[in-house]
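Below, in structure tokens: the form predicted on its own, a single chain.
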């Protein structure tokens, strides 16, 4: 497949780590929140196997923060998400679908409660800051909304825990999943959470001091040699196998949380107020007409740059394939699809046309692993 370069500009920003990763052999980029996001370091499959066995350092500075602070900060954050945050605690991360008044997904970020009147929304790829500003203005909330200078690096893979312990000591082992605390390196404090966009385990370091962050980046590679550390990035194969959803690919503003399997993050019976609450009550009462499911095909490769229709044996459209890859674990192509009712049942036969060829597969549960 022919490749094309991405022109860097003020509008498509580099990250503090860009010069490092280009020396380390990044082979492709995508754009995420108007920033460069590494998409590959050579073979996707080789990186997949390495991630599942060793440790990788990822430049995920494109995972931007929307900081909301002020006396109405908690009220504004709650207004945007269908998840009840009334019992949230400082020092914790929360996966929170953000929705609009029609219950359409705006984003699916991780929300960090720094304090009761200061929150970070660690966003997927959409302009949440504009949404937050509009709601704040319309509701006359007393808040300040900014994009702080925070550039995340992720340390992912089974050996990440030992590497981070070598650098930050035993205290970091006390972090529970989706917990965060501050850890010192080179005289600076870094917010570190046990989190990351893989199921292999690891941490995300929220770097606010660029100079200190670059020294830490280099030190991670120095100390990680014994663990076979390599540069990496979110891996398409690993994330599809793990059922990690990508906003803009698997889900978007045309989908609601129930269709996407986010039921446990929807709290319509709570007393909290949020946009789209009445719409969600109606959707739950009437039942969903579509559902996100897995699909699998006995194929050796696939290159998907847009959605593809899934059909029944009569040629009627019954779903939409949104993401797909060849899985070395399952030895077949697996994907994430939005299926129409009643065609989302496991083992439902689906047909797809790729490059003029008609292929047959079946529906399966998510996650695959």
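Note that this is a predicted model, so its numbers are computed, not measured. Numbering follows the first chain given and starts at 1.
Just so it is clear, the following notes concern the form predicted together with ligand THG, a form of the same protein that is not shown.
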query	finding
Interface membership of residue 123, ligand THG in the predicted bound form, 4.5 Å heavy atom rule	yes
4.5 angstroms heavy atom contact with ligand THG in the predicted bound form for residue 299	no
Heavy atom of residue 182 within 4.5 Å of ligand THG in the predicted bound form	no
Non-hydrogen atom contact residue 32 with ligand THG in the predicted bound form at 4.5 angstroms	yes
Contact assignment for ligand THG in the predicted bound form, among 217, 131, 258, 197, heavy atom within 4.5 Å	197
Among the candidates 178, 227, 141, 161, the residue which, in the predicted bound form, approaches ligand THG to within 4.5 Å (heavy atoms)	178
Interface stretch in the predicted bound form with ligand THG - options 106 to 114, 161 to 169, 280 to 288, 218 to 226, non-hydrogen atom within 4.5 Å	106 to 114
Residues within stretch 39 to 68 having a non-hydrogen atom within 4.5 Å of ligand THG in the predicted bound form	63
